[in-house]
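For reference, the chain that follows is the form predicted on its own, supplied as structure tokens.
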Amino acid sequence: MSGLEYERFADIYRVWTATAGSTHANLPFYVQAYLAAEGPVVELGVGDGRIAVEAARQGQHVIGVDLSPAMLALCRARATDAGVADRLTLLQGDFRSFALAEPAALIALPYHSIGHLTSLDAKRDAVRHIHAQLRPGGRFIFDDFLMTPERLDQMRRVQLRAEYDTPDGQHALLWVTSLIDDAAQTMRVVTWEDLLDDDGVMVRRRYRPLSLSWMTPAQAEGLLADAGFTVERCLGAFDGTPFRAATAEEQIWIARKDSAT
């Protein structure tokens, strides 16, 4: 997982998330889960606080963990603008080594962010560490890409992701494609932002790559079992639809740390 990648990505992060289909569905799902938790709530990969700040606005205190100082700065600014900075505690740290003052009731890892760990061993280390940071009976919720041949084909295409104006008034186009290694279950997501003058002529292009990966449902279930979790549910969509391989849009795991572990 590279914090440097998100240091470069921070200034377009809101455009990126606003134009992703899953962000509109996952926001109410995670906010509801945060509000229902009785005890410390931790969001790993908190990013610019899109989910955490909304939960704080509705009354929950959230501990946000992110490796990128730039993303934490965006989160802090968002919380301040929303008037809820006192309900947000921010920690810079890795999914595999973050330290909490007390065990959590809920640890969430939204928005496919477990994929920033690009090897199965790194994911295993993270899931074991998350288990250790939960109180008995605490829950771990995360989602991951559900990769199909159709989805992989779409991700390999060059797509116009967004058209917008930058904060300094320049017109911009954001493009994306992915270089995918099927065998390794990894991808290099390459975005490039074209800045245009008043005549529509490109005056600057900037590339921002992201390294990502995915798991199969069987691999995800195996990591949870290895860490000592009991799977309560696996959902196929953020509306609560149970997971069925033929129809699922996502893989969303809700797991519990048993009292005896």
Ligand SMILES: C[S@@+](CC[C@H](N)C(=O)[O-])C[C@H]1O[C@@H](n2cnc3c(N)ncnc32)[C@H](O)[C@@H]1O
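A residue's number is simply how far along the shown sequence it sits, counting from 1. Not measured: the values here are computed from a predicted model.
The following text describes the form predicted in complex with the named molecule, which does not appear among the structures shown.
When the named molecule is considered in the model of the complex, only one residue from A56, A220, V46, V41 comes within 4.5 Å through any heavy atom, namely V46. When contacts are defined as a non-hydrogen atom within 4.5 Å, none of R151, W175 and P209 contacts the named molecule in the model of the complex. Heavy atoms of Y164 never reach within 4.5 Å of the named molecule in the model of the complex, leaving it off the interface. The named molecule is not shown here, and in the model of the complex it never comes within 4.5 Å of any heavy atom of G138. Within this chain, F243 is remote from the site of the named molecule in the model of the complex, having no heavy atom within 4.5 Å. Using a 4.5 Å cutoff between non-hydrogen atoms, M71 counts as a contact of the named molecule in the model of the complex. The stretch that touches the named molecule in the model of the complex, counting heavy atoms within 4.5 Å, is 89 to 97, out of 89 to 97, 154 to 162, 129 to 137, 183 to 191. If you take 102 to 118 and check each residue for a heavy atom within 4.5 Å of the named molecule in the model of the complex, you get P110, Y111, S113, H116, L117, in sequence order.
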